[in-house]
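The form predicted alone is given below as one chain in structure tokens.
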């Protein structure tokens, strides 16, 4: 009997979107559990039993519980039949891992800070202050408590925001150059690197029009169009419930 797969995720972007897209590309059916980050579902007792760090996503495969989005993607690629999401060429595999690590450790936190300041913070700010305080106190990781408090209060410093914007601008410049060398990120084949990067850059032309667009970054726009039109991507984004899904549709209209 095939072991059941269950995925606990938020919107199909950022970290949640990585295993969602990987599973869709591999054609793996899974039980979808929408975990509302804006309602702090990831810090409720039943979720913390699965992942004591209280981070999204979590994937269950049989009796295995898997955390950390990029590691989950690699697991999905190796554990299931279907389209290979890593090339055979060893140097290309190294490049893919390099680009994923660069996003996860250096660039991704800056995309996250901008997203939290513009979307996450304002989305929860109207909740009852006492309810918010109680929810934040339940967050297991102290650095996440700090990030939530800053997002809700709008207290990311000018220096933090400036550094995040600098990193995003540099990352866009690097991605544009990379996509001038390869059809996809780090390779001429669609891979985990594309899933990793797409989930943070899918709305660049809308959110950062000064950095990305048809004239300024033609390689990125070509790549975005290719990825947007993948059936797995379109299927996955039907699972979105917030305004982020609207942004996805708006960008798709623009790149077409």
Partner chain sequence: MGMMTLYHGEPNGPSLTVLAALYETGLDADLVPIDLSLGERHRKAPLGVESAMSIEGEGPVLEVNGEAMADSVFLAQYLDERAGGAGLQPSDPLAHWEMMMWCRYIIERVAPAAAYLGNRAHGTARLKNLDGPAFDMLTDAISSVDLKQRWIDIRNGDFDEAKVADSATKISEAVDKLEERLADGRDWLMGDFSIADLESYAWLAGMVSILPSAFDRAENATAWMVRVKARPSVAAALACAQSDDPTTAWAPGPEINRWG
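Residue numbers count along the first chain shown, from 1. Everything numeric in this text was worked out from a predicted model, so none of it was measured.
Only in words, not in the display: the form predicted together with the partner chain, which the text now covers.
*Asks:* Even though the partner chain is not shown here, does residue 189 get within 4.5 Å of it in the predicted complex, heavy atoms only?
*Replies:* Answer no; every heavy atom of residue 189 is more than 4.5 Å from the partner chain in the predicted complex.
*Asks:* Heavy atom to heavy atom, is residue 133 within 4.5 Å of the partner chain in the predicted complex?
*Replies:* No, residue 133 is distant from the partner.
*Asks:* Under a 4.5 Å heavy atom criterion, is residue 147 part of the interface with the partner chain in the predicted complex?
*Replies:* Contact check for residue 147: yes, within 4.5 Å of the partner chain in the predicted complex.
*Asks:* Is residue 64 near the partner chain? Define near as a heavy atom within 4.5 Å, in the predicted complex.
*Replies:* Yes, residue 64 is a contact residue.
*Asks:* Consider the chain as shown here, without its partner, and state which of 140, 122, 82, 109 has a heavy atom within 4.5 Å of the partner chain in the predicted complex.
*Replies:* Here the answer is residue option 109.
*Asks:* Do any residues of 59-85 have a non-hydrogen atom within 4.5 angstroms of the partner chain in the predicted complex? If so, which ones, in sequence order?
*Replies:* Heavy-atom contacts to the partner chain in the predicted complex: 64, 65, 66, 67, 68, 71, 72, 74, 75, 78, 79.
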